[in-house]
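Take a look at this single chain, the form predicted alone, given in structure tokens.
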């Protein structure tokens, strides 16, 4: 069996062409289980793995992976996003001083009420980010 075969299948199932760079970045993303990475962090990990991928390509690939359902984007403030490899239902703590996300199981947060969505729209999901600061 080819070492990239499961990654090729995963990309094809998501409707993406399995290019060399997509395969390599998906491999790097998959190392270490569920985690949260910025584009810059993935770029550093790719360099450590011996990959020469431009930061713009990493941003484009992360956005493609997110649109294809392979990643989840968590926006913590304008212009600052993390990409989450955990696609299951959950929420996040955001530690502002450490600049890191921590998963919160979905059953540990209850949303009591939501406003009615605008006409022609439906609520797709609710993402809660609880911000932490040092005491």
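Residue numbers count along the first chain shown, from 1. Each form is matched to the other, and the largest set of C-alpha atoms that superpose within 1.5 Å is called the rigid core. Computed from a prediction, not measured in an experiment: that's the story for all the values here.
A second form of this protein, the form predicted in complex with a further copy of the same chain, is not displayed here; the remarks below concern that form.
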* Could you work out which of 49, 109, 53, 68 is the residue within 4.5 angstroms of a further copy of the same chain in the predicted bound form, going by heavy atoms? => 109
* **Segment assignment from 38 to 46, 91 to 99, 24 to 32, 53 to 61: heavy atom within 4.5 Å of a further copy of the same chain in the predicted bound form** => 91 to 99
* Hey, in the predicted bound form, is residue 132 touching a further copy of the same chain, heavy atoms inside 4.5 Å? -> yes
* Asked: At the 4.5 Å heavy atom threshold, is residue 117 in contact with a further copy of the same chain in the predicted bound form?
  -> yes
* Using 4.5 Å between non-hydrogen atoms, is residue 13 touching a further copy of the same chain in the predicted bound form? -> no
* **Touches a further copy of the same chain in the predicted bound form: residue 8 (any heavy atom, 4.5 Å)** => no
* **Residues within 4.5 Å of a further copy of the same chain in the predicted bound form, restricted to 54 to 79 and counted by heavy atom** => 73, 75, 76, 77, 78, 79
* Asked: With both forms fit on the core, has residue 126 moved 2 Å or more by CA between this form and the one not shown?
  -> no
* Asked: Would you say residue 114 moves its Cα by 2 Å or more between this form and the one not shown, aligning on the core?
  -> yes
